[in-house]
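What follows is a single chain, given as structure tokens, in the form predicted alone.
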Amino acid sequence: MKTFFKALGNVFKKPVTTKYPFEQTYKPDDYRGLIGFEESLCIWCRRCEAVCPPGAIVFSQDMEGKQTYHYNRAVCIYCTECVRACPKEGAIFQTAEPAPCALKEENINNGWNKLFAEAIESRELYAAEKKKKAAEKAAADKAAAVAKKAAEEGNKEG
């Protein structure tokens, strides 16, 4: 019976919750929101990717060497480790903007797993191509040096 009267009393009391979205909720000054990225300031060291505990940041790389930054707000735990690790101030920063809800259409988890795997693969392909070109250049330089040496010896004999 006591519970019934308590419930009945709550009907006439002011609600404890805010009337969101009509009234905005309080955000403290040190609120941890989304991670921001300024491409023009980035030196592409990938330290933020290395220190991110859940793996919410990944860089992909095309065959010309251009890197692209990718961030998943649903994976991020907003710990600011990426901001602390960045040697270039302002390249990566934490905003006070809350993360929007993930929508089914975004396929944010499976899509991220696929993107993450593709980004790692793109960097491996770039590294392999760079290594292949370096080996070809070294072989060409060696062949040119051998040809030059042979030409010099031919000139000495003649």
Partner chain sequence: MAKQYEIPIGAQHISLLEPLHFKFTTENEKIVNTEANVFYVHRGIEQACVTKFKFRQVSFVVGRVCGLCSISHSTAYSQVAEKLLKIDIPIRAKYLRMLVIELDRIHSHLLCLSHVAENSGFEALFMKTMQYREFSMELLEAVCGNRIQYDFAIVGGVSRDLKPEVGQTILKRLKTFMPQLEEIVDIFKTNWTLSLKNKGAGIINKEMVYRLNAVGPFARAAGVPIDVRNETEDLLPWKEVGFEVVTETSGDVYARNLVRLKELYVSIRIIENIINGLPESALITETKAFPEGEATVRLEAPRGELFYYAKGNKTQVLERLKIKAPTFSNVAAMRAAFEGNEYASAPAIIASYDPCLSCTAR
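Keep in mind that what you see is a predicted model, and the values were worked out from it rather than measured. Numbering follows the first chain given and starts at 1. The term rigid core refers to the most C-alpha atoms you can superpose between the two forms while keeping them within 1.5 Å.
What comes next is about the form predicted together with its partner chain, which is not displayed.
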query: Contact residue in the model of the complex, from A50, I108, L41, C45 (heavy atom within 4.5 Å of its partner chain); finding: A50
query: Residue stretch of 99-107, 125-133, 58-66, 28-36 approaching its partner chain in the model of the complex, non-hydrogen atom distance within 4.5 Å; finding: 28-36
query: Non-hydrogen atom contact A74 with its partner chain in the model of the complex at 4.5 angstroms; finding: no
query: Its partner chain contact in the model of the complex: V83, any heavy atom under 4.5 Å; finding: no
query: Exercise: V16 in contact with its partner chain in the model of the complex, heavy atom 4.5 Å; finding: yes
query: Yes/no, K19 Cα shift of 2 Å or more between the shown form and the other one with rigid core fixed; finding: no
